[in-house]
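This document starts with one chain, in the form predicted alone, laid out as C-alpha cells.
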Amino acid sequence: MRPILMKGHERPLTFLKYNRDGDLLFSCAKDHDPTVWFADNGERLGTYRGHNGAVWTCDISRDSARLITGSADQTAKLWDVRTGTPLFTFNFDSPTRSVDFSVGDKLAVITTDPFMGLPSAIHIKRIARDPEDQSGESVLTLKGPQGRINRAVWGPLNRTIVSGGEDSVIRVWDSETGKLLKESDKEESHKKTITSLTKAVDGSHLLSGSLDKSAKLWDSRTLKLVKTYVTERPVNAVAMSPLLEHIVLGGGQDASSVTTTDHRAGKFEAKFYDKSLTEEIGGVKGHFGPINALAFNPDGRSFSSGGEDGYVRLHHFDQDYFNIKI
C-alpha cells in the first residue's frame, strides 16, 4: 500500500472529509485555507480563501455543491465548491469548532467554544437553497455543557443531535425542542476529553475517540456502550470502514512531549481494529507527528490521514487488505 503524500498546508491538519461520491477529499488545517483534492491521485484542485483563523472542521453537501467550514475566527462559512466563492458567513461571538449538514442539507449544526465568559453552545441553522435567501438566524440554540464541545453530529432522521467534548460525556439532544434526551453512563463513559465522534453509514451506531487512549462504539438510539478499543496513546481521530467491519484510530502523544523522543516512539501510526472482536489487525506508519484527522473513502477502498506534520497521506488498499482473516 503505497501512500500518496499531499503537501498543501503550512500548518497541522485538523479535519478530513470525503464527498459522498468519494471522488473529492477536503482538508482543513490550522492555516486559514481549506483545500480540495482529487481523491484518487491526490492532485490539488484548489483552496477556499476567506477565513482569518485556524479552520477546525468542514462538511460537504450530498450533491457536492456546498461546503461549510468552521473556524477559530468566530465564523462558519458556506462556499460554492466548484468556484471557491464564499456564499455566506455565519458570525458568532466565539470560535466555531464543529459543523455538520443534516440529511437533506436543509439544516446545519454548528458548535461554538466557551470564550470570554460565554459557555459552549450548539446552533442549528437553516440552509437556504438559494444563497440570496440565506439568513444568519439560528433555528435553535442549545447552551452546552461545561467545557468545549469538540464534535456534534446529526442523529437518525435529523431528530437528534449527538455531542461530545471536554467533559467526556456523550449527549443526545432533541433537535426540535433542544431538550437533553440522554447522556452516556458515567461508568461507561470516556475518562478524558472526547476528541472525535463519527457515525456509521446507516446511522445505527457511533464511534468516539478520546484522550483517555480509547475509542468506544455506542448504539445511536440508546447510547448503550457496545465495544471499547484500547490503545496505548491518546486518540485524536477515528473512522469506520463503510465496507468491512474495521475501524481505524489515529493519535499520538501531544506535540510538546514528542520532541524528546524519536518518531518511532511517538506512536504516530493509524491503527486498524476489528470492529466486533476489538482486536488490532494492523497499523499504517508514516506521519512525523500525531494524527489529527482520519477519513474513509465512501467506497471503503482507500483512506486518508492528516497529521501535525502538515501532510495528508492518501492510502489505497491492496487486495490483501480485503482478504484479512482473523
Partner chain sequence: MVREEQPNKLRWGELDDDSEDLDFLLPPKQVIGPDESGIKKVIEYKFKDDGNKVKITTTTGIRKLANARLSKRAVERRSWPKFGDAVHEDVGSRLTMVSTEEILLERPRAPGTKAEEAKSAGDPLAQMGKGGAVLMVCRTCGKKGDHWTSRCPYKDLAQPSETFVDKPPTETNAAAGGTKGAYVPPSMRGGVPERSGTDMRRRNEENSVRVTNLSEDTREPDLLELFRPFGSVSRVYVAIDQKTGTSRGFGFVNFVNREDAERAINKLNGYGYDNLILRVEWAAPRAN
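Numbering follows the first chain given and starts at 1. Keep in mind the model is a prediction, meaning the values are calculated, not measured.
Not pictured, yet referred to below: the form predicted together with its partner chain.
Put simply, of Gly46, Gly300, Gly50, Gly53 only one has a heavy atom within 4.5 Å of its partner chain in the predicted complex, and it is Gly46.
With the partner omitted from this view, the residue of Lys224, Arg82, Arg126, Lys191 that lies near its partner chain in the predicted complex is Arg82 [heavy atom within 4.5 Å].
For a residue to qualify, one of its non-hydrogen atoms must sit within 4.5 Å of its partner chain in the predicted complex; none of Phe15, Lys199 and Pro234 qualifies. Taking non-hydrogen atoms only, Ser276 never approaches its partner chain to within 4.5 angstroms in the predicted complex.
Taking non-hydrogen atoms only, Cys58 never approaches its partner chain to within 4.5 angstroms in the predicted complex.
Proximity of Trp37 to its partner chain in the predicted complex falls within the 4.5 Å heavy atom cutoff. Contact between Gly283 and its partner chain in the predicted complex is found at the 4.5 Å heavy atom cutoff. The stretch among 103-111, 83-91, 181-189, 158-166 whose residues place heavy atoms within 4.5 Å of its partner chain in the predicted complex is 83-91. In sequence order, Met1, Arg2, Pro3, Ile4, Leu5, Met6, Lys7, Gly8, Asn19, Asp21, Asp23, Leu24, Asp33, Val36, Trp37, Phe38 are the residues of 1-38 having a heavy atom within 4.5 Å of its partner chain in the predicted complex; the partner itself is omitted from this view.
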